[in-house]
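Here we start with a single chain on its own, the form predicted alone, put down as structure tokens.
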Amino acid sequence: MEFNVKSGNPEKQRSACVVVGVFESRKLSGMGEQLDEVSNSYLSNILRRGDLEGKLGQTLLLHNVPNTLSDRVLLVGCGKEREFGDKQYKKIISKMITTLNETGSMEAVCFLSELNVRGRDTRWKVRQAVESAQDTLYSFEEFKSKTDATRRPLRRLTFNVTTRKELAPGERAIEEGLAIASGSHKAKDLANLPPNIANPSYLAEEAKALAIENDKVDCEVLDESELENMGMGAFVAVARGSDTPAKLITLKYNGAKTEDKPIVLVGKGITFDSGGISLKPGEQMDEMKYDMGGAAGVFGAFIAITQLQLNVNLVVVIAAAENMPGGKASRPGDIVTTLSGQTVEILNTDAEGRLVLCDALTYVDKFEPDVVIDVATLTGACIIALGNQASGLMSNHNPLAHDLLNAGEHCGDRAWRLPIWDEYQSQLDSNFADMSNLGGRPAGSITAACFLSRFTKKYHWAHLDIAGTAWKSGKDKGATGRPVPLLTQYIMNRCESQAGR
């Protein structure tokens, strides 16, 4: 869909539809009042009759409003004005998009971008509107033989800004929103694909395609035999039960000076997790195709950053494997040697994510990173702790954790920090190896991060557990595209901060 920004009066818009807001109780927004005045109180008379109260998400589509040039006027309920914030703004944008797309308005001018959202400027409002619009219109129907195509879908949306000096920030916001939405959509597509297609080899081919398309992108793929020869005993142990070989995929974006240390993102790419010998229950096992949500997330963030052409060196490493039962599969009780030389007793083969990540986190030290952030659907315990709203964040570096939390608050892709105190480390003790891969039921997300922390002592590191945020279950089943917005916002903030020095 095409997006634009302009500055103008609502009554002068020659458009299929003009969109304005209404707060409770029946209070028109500033631009709505202006439209009402021009139309000789046409809007306020309708509201006075009770056609729309202004509750959050209500809509009323009007035709042939007097003294206007648009075919339609869409009134969108914004709820109580004193409570209007980030969440409410995104909801009304989504409701607007759904209504316009269903009612044949192929283009529209939106004045909701002029509403006052606490603490947010034009750039934020336009960008979030673009992201919300693209997210609302997203669907995954690649494998459906019949699809319900919208007859007259929304094709162009123009956001109105208060003054002409807001046009430049608005245009930049559209670029940012489209890039982040593009990355989120790619993350969703990869995660939503069935596991018989989106396997480690498929992810590798997708990465290679990115390098072919962009001169600033390099790609390297290591196969399972190379990983074994390198000494990645933990990673290879996870893949042994599958006929599909593991891959370690590296993407590099060279957007800054050669001597600038890169930001490194590491993604857990278990393209299907049966649990291995420690087999999972059958119920909802189909959703274990989403166990590569971390890989999808860092892949999507890479796409967003390269589209924005940010002044940064970025490395993405994806540890891709299937965790399957089989004659060669790892067993509970096996001991493996990691790339770091540390040994691990495998007490549960379903705690496999930390095994592929620990070798990948050792591997990335070769890039001399500025910071390393790993992303993984790592523990069900994180869902118990935080539900589906916030990703779990653990880090060995307070400034990095602080920056990630702030980025999440800004873009609405939030995280919550959990501790990784030394007191938790003893839960990983083993009688037979340097450590076990299981810390027991108490503090499961924390002990998983404590395990990873033993392989990240040489650099500043953060871990995002997205087990609760990477996908939705039930009737809305599907990938969310998180944490692409969070990662992209963090890197954008870094670039702006360094540019301002």
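Computed from a prediction, not measured in an experiment: that's the story for all the values here. Each residue number is its position in the shown sequence, starting from 1.
There is also a form predicted in complex with a small molecule; it is not shown, and the following applies to it.
Among the residues 167, 256, 383, 106, the one placing a heavy atom within 4.5 Å of the small molecule in the predicted bound form is 383.
Note on contacts: among 127, 247, 188, 354, the single residue with a heavy atom within 4.5 Å of the small molecule in the predicted bound form is 354. Shown here without its partner, the chain carries 135, 178 and 301, none of which come within 4.5 Å of the small molecule in the predicted bound form through any heavy atom.
At the 4.5 Å threshold, heavy atoms of residue 451 stay clear of the small molecule in the predicted bound form, well away from it.
With a 4.5 Å cutoff on heavy atoms, residue 461 does not count as touching the small molecule in the predicted bound form; it lies far away. Within 4.5 Å of some heavy atom of the small molecule in the predicted bound form lies at least one heavy atom of residue 350. In the predicted bound form, no heavy atom of residue 47 sits within 4.5 Å of the small molecule. Of the candidate stretches 268 to 276, 413 to 421, 327 to 335, 69 to 77, only 268 to 276 has residues with heavy atoms within 4.5 Å of the small molecule in the predicted bound form.
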